[in-house]
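Here we start with a single chain on its own, the form predicted on its own, put down as structure tokens.
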Amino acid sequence: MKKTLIKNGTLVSPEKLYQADILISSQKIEKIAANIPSAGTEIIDAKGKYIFPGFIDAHTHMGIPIRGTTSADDFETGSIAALHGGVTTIIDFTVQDKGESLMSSLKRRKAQADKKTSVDYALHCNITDFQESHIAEIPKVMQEGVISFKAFTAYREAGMQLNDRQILELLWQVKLAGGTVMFHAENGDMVDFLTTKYVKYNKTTPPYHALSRPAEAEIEAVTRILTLNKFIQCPIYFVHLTTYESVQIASMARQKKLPVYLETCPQYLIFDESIYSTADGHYYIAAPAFRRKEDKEFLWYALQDNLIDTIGTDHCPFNKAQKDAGQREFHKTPNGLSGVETLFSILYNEGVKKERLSLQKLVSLISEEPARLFGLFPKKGILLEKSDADLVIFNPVGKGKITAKELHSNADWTPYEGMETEGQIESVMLRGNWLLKNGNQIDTNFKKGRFVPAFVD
């Protein structure tokens, strides 16, 4: 296989921007240095362009059941959207059915992805049916390359909510095995109580979605989980945090050397609760709900100030018809938005261009830190000799606009419709294979994405 040499580009790492050539062979980065000899190579001139490690979306939900329907993107269509956004690795979740073992859910989920995905993937293991026999499987699941286990403090009606005793046992067993517990942190009893009251009095328009899932539900759950974990000290990872208070509380725990890691999502950086009062407000229903403008602005500060570790999209799109089936009532509308393809574009244009993020921080949030936290580093998430040749060539010149028509998701709308952008992802490489080259998808039937097993140091 002919070697590829990328010359004259500006490489982006969490530490610095620097100019160097990259030599790629046998699916790996063979060499990074100045002026690598070009004889016998395919030469790509990246002058004036940035070269990033392939992006990692550590929070996607491809083809999962919610409220009587299934999210619009499966692994096939969702991975095509991902590659056009420069995302070369997604980390999705198992979906544990009632009575199903963890190993069975893992095997079933991998079967849904294998030979269908065009980017590489890893998995987190959902634990929603808490049984002693299932918890005993945790070490075996980790041997299969899955080191993160997700628990919910909400969704009792779906049989997913764990109580405090179950959370303690999960933290204990995962700590012994050397893994991480992820939390969807909302007080489910509070959410259920408020939802029941609003529905009883016919307060079901989209603005009541935010009122039924208030900031206090997240704040309480984060505080409680940190308290439960104080003496166990299992590594924990809070997904999609939205509030000033919960980030500050978790940050204080981290200052006390507790192993706590935080994620937010692009949508919580862009939208606030006022979106629910618009004509299409029901399309934006997601969990958690959008917050105050003050929370949104604080999250930008928290990203650059190292209070938040990663950004995942929580990609879980539904078409307009699926959203409309809920009759614009918040408790009947499936929760979820698209985002995997627009991850980089949103953060570059709303973050870097508006001086809320540096390029170095951006690559940390969506490449290196997700790889480190979920056992993929240094195979993924970094431009480094012997790492997988996953990379993105980005041209900062040119203007565009985000439209659903131009995106590649199965969803027929995007929350970011009409947002003006600068720059373009021109080329994307996965393990030395071009997925995109000069803006063109190389092979629409690529589907050579692989499961990437995580490992623990």
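None of these values were measured; they are calculated from a predicted model. Numbering starts at 1 and follows the sequence shown.
Below, we refer to the form predicted in complex with dihydropyrimidine-2,4(1H,3H)-dione (DUC), which is not included among the displayed structures.
Is it the case that H61, even though its partner is missing from this view, gets within 4.5 Å of dihydropyrimidine-2,4(1H,3H)-dione (DUC) in the predicted bound form, heavy atoms only? Looking in the predicted bound form, residue contacts with dihydropyrimidine-2,4(1H,3H)-dione (DUC) include H61, since a heavy atom lies within 4.5 Å.
Indicate whether dihydropyrimidine-2,4(1H,3H)-dione (DUC) has at least one heavy atom within 4.5 Å of a heavy atom of N335 in the predicted bound form. N335: contacts dihydropyrimidine-2,4(1H,3H)-dione (DUC) in the predicted bound form.
A371 near dihydropyrimidine-2,4(1H,3H)-dione (DUC) in the predicted bound form, any heavy atom under 4.5 Å? A371: no contact with dihydropyrimidine-2,4(1H,3H)-dione (DUC) in the predicted bound form.
Given that dihydropyrimidine-2,4(1H,3H)-dione (DUC) is not shown alongside this chain, does H134 nevertheless sit within 4.5 Å of it in the predicted bound form, heavy atom to heavy atom? It does not: once dihydropyrimidine-2,4(1H,3H)-dione (DUC) is placed as it appears in the predicted bound form, H134 has no heavy atom within 4.5 Å of it.
dihydropyrimidine-2,4(1H,3H)-dione (DUC) isn't shown here, but in the predicted bound form which of A81, C316, I366, V247 has a heavy atom within 4.5 Å of it? Residue within 4.5 Å of the partner: C316.
Let me know the one among H282, K379, K296, H184 whose heavy atoms come within 4.5 Å of dihydropyrimidine-2,4(1H,3H)-dione (DUC) in the predicted bound form, would you? For this set of options, the contacting one is H184.
Considering dihydropyrimidine-2,4(1H,3H)-dione (DUC) in the predicted bound form, find the one stretch among 199 to 207, 349 to 357, 108 to 116, 282 to 290 with heavy atoms no farther than 4.5 Å from it. Looking at the other structure, the answer is 282 to 290.
I have I66, Y155 and H240 flagged as a candidate spot, so tell me whether each of them has a non-hydrogen atom within 4.5 Å of dihydropyrimidine-2,4(1H,3H)-dione (DUC) in the predicted bound form. Every residue of the spot touches dihydropyrimidine-2,4(1H,3H)-dione (DUC) in the predicted bound form.
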